[in-house]
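One chain follows as structure tokens, the form predicted on its own.
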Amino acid sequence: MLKNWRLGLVFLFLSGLILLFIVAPLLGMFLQTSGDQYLETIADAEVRRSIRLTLLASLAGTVLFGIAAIPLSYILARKEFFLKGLVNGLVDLPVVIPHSAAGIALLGIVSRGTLLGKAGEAAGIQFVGGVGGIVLAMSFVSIPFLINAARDGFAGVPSRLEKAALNLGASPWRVFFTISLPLARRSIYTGLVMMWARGLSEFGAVVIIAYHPMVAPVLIWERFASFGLAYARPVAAVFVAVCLAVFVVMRLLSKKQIHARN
């Protein structure tokens, strides 16, 4: 009993240190920003425009690329094929490479002289220095979060249920949409929220492809580099507060939707 008490105390102490490490910098940033600075920052049209662009661009990337990522997650969870380990490694690659390198890599395929760049121009989409490039950059670095979460969700669906439905005459499409997808929805919702949230914070890849129009992370860096910490901190505090608020709302809505369907 005494050993268990000591172990619990050690775990509690270490857990407290980690939580303090996470909370202290954010709390310090919020407390060091005065009420007048909050009001001035919120009234700044450039700040509002950058935050709105950041939220919408990340949301657009999550919707567009998320739909295409779910089938890949299912394949990785259910199918065995040659070089599957390599494919899983490629999925995680955007997480481990420097994001400035990711931006340079993306720039190489969306610049104006490339096939994709020309196709975008023909469709009226501007990648370099445009919203299209921002969406691509955010999606590139954040899509592994969705793929991995959805893959784990599909892997947790009992395969015997799918096989039973197939044996009873259901089509593979019907099995996927009535059994596999609904049972994995909790993990998929989590992955979508994490993909959206990760896209919000992207700086390195975005700044290379599209410095303008400025998303919030780029604006924070620009004000810090040009005017110093005092000018960048209020923008960072407002942006983090908005992200936290939206993140909490999305989490609550996803949980509510899941409970309503259960």
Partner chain sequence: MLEIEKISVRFNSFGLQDVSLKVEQGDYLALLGVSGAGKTVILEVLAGLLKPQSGRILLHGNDITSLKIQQRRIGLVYQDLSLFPHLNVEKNIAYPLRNKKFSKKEVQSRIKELAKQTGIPHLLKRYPGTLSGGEAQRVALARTLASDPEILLLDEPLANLDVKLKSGLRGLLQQINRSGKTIIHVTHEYMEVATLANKVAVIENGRLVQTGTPESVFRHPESEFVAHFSGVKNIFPCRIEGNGNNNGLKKATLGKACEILFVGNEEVGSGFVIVSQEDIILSEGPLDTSAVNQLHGFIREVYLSGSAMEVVVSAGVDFVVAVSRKSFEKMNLKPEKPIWLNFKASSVKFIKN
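These numbers come from a predicted model, not from an experiment. Numbering follows the first chain given and starts at 1.
There is another form of the same protein, the form predicted together with its partner chain; it is not shown, and what comes next is about it.
A heavy atom within 4.5 Å of its partner chain in the model of the complex is found for one listed residue only; from 108, 156, 89, 172, this is 172. Contact annotation: of the candidates 115, 161, 122, 83, the single residue with a non-hydrogen atom within 4.5 angstroms of its partner chain in the model of the complex is 161.
The stretch in contact with its partner chain in the model of the complex, judged by heavy atoms within 4.5 Å, is 178-186, chosen from 132-140, 69-77, 99-107, 178-186.
Within this chain, residue 93 is remote from the site of its partner chain in the model of the complex, having no heavy atom within 4.5 Å. None of the heavy atoms of residue 128 is located within 4.5 Å of its partner chain in the model of the complex.
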